[in-house]
Every structure is written in structure tokens, then in C-alpha cells.
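Same protein, same chain, two forms; see structure 1 and structure 2 below, as C-alpha cells.
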Structure 1
């Protein structure tokens, strides 16, 4: 029961945060610094999340099959492959490395 209360409170908090964003005046959103932050912040957050999920294991840094999959995805991105090919390359390389070792 406590989990559902936490989920409900989290959902309400997310909704309120989103609603608060709608109340920001348009003049504030048009400032160059705010526009630049809105452009770069999601990229930085996604990169940090990817690094944490790839190289983190609890309180330790690890270098395992996930790193090989990430390298394969990066290589596919350099080649300007479509998104599904990037994901497929990462999955295939990660599975292959795990199967080998």
C-alpha cells in the first residue's frame, strides 16, 4: 500500500512541476540563456544517464559487455546509421560479448 501512495505522490508532483512550467512567462523563455539551457540540458542528462547505466554497478565502476555495446552504438552513430540499426548494433554486440565471456 505504501508503494501506491509513493507512486501517487510522485505522479502528482510530476504533474504539478509540469503545470508550474506552463506558468513561466513567455519573456523568460525567450532569453538566449534559457533557450540555450533548454537545448543542451536534455542532452547532458541523457549522456549522464547513459554513462551511469553503462559503467555503474552499485558503488563501483565496471567495464563489461555494456561498454562494448555502447561503443558499437557510437560507431554506428558516426556512420550515420538509422536509430534502429544503432540500437540493433548495440544489442547484438552486447549479447555477443556476454556470450563469449
Structure 2
């Protein structure tokens, strides 16, 4: 039951967040500062998410095979590899480093 409560709240909350963005009146967006902010916020959030999911383990910071995997992904991105190759490189290198370690 607890799990269903969590799922229900998350689904409702996440949907409302998505919808709210689309509903904001266009007049608000005409302001340059708001527009710059809307462009820059995803940059901050994606960077934070990348760091958290690479170096985070619950409440702890760790340096493990995922870091190697992410380095591989970054290298693939520099080479302008397609999306699936970037993700595949991260998964493969992470698995490889774990297998070796």
C-alpha cells in the first residue's frame, strides 16, 4: 500500500510539474531574463544529475567503475558518436572495469 501511495503522489506531482511549464502565459516568457533562466536551468540540473548518479551512492560520495564508464561516454561525445554508442560505451566500460577489479 505504501508503495502505491508513493507511486500515486509521484505520478501526480510529476505530471503537474510538466503541465505547469506549458501553462505559464507567453507574456512571462517574453522577458529576456526569464528566457535566459529557462535555458540555463536545465544545464544546471542535468550537470547535477550526472554528477550525483556517477559519484553518489546513497548519501556517500564514491569513486567507482561508473566514473570510468562516464569518462568513456564523455570521450564518445567528443568524437560525436551517436546517442546509443555513448550510453553503450558507458555501460560496457563500467561492466569491464568491474569485471577486471
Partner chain sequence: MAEQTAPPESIGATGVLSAGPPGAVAPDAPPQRPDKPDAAVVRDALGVGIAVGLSGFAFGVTAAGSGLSLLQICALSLLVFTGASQFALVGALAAGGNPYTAAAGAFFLGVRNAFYGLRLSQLLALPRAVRPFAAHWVIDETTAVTVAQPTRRAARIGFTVTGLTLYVLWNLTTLVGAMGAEALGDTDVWGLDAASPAVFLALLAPMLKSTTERVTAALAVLLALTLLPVLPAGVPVLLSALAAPVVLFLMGRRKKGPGAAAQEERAIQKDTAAQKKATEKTATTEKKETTEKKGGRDS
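Numbering follows the first chain given and starts at 1. The term rigid core refers to the maximal set of C-alpha atoms that superpose within 1.5 Å between the two forms. As the structure is a computational prediction, the values presented were derived from the model and not from experiment.
Between the two isolated copies of the chain, the form predicted together with the partner chain corresponds to structure 2. Once the rigid core is used as the reference frame, the Cα position of residue 82 differs between the two structures by less than 2 Å.
Relative displacement of the residue 11 Cα between the two structures on rigid core alignment is 3.8 Å.
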